[in-house]
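Only one chain is included here, represented as structure tokens and corresponding to the form predicted alone.
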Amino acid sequence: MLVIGENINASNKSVAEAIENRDEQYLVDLAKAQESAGADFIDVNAGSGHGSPEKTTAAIRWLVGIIQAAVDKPLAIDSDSSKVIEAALKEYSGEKLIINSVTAEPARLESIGPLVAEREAWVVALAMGTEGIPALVEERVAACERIMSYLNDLGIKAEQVLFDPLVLPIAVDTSQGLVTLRTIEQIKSRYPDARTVMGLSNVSYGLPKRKLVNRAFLLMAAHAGLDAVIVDPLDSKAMSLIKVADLLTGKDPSCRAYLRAHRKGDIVD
């Protein structure tokens, strides 16, 4: 399972302050810690900013510049603004790349899709359209179909697409865990060459013992067909369970990755 390190995100107050203050050391240390913990990609999100568009794009370009210089792992450029993503791509020099994200909204497809095609990037595709996150599995899958059709017309292959089935807090609606799992199953059935990804922590929002809920849901999602996860790589128990999930779903031939991690002391219970 691919691990996308989530920790450099301006929704976190300390990260937002570090970006605002151009605290390079703090952010570089955070990137290196995620790399050392086993992240395959480092997510980089500078937020939407509270000032001018120029301030926001300057922040993402600075952030991408210092992080790509500090780690060998590729980046996931994460923003809800196509302008911010475009600015980040001007700074990013790596060959491997995830753009996060696109939806079935025509305006977003038309602004993000060409950037994905031009860079031959991978792209996170959210299973939603103009009316927000659908409540039903069928509506989420329909949004995925619109996205895939548009991206295919641009020459983007299914294997470049990471569909996010979307996770809503089960504290608000206890049916949403099953909706997400069934959406993963449907996506994998329709698009076997595409990948699935989700932001794990959303499921537990508003609950006590959140990490326990997150870890249990991770294993359930792995069984449903999850290929990648946006997660805190510094959560050693979650990282151990990712190895276990690969083991139990046949993605770790001869248990080699699990045994190698155990010998290094990286498997904790």
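When you see a residue number, it is the position in the sequence shown, counting from 1. Predicted, not measured: the structure shown is a model, and the values here were computed from it.
Quick note: we don't show the form predicted in complex with a further copy of the same chain, though the next part is all about it.
The putative spot formed by 174, 185 and 247 is fully lined by a further copy of the same chain in the model of the complex; each residue has a non-hydrogen atom within 4.5 angstroms of it. Out of the listed residues 136, 154, 107, 178, 178 is the one that sits within 4.5 Å of a further copy of the same chain in the model of the complex by at least one heavy atom. Scanning 229, 27, 64, 222 against a further copy of the same chain in the model of the complex with a 4.5 Å heavy atom cut-off leaves one residue, 222. Interface membership of residue 216, defined by any non-hydrogen atom within 4.5 Å of a further copy of the same chain in the model of the complex, is confirmed. Residue contact check for residue 257: none of its heavy atoms lie within 4.5 Å of a further copy of the same chain in the model of the complex. Remark: residue 31 does not count among the residues lining a further copy of the same chain in the model of the complex, judged by a heavy atom distance of 4.5 Å or less. Shown alone here, residue 69 lies farther than 4.5 Å from a further copy of the same chain in the model of the complex, counting heavy atoms only.
With a further copy of the same chain omitted here, the record of contacts in the model of the complex names 166 to 174 of 94 to 102, 140 to 148, 166 to 174, 116 to 124, defined by a heavy atom within 4.5 Å.
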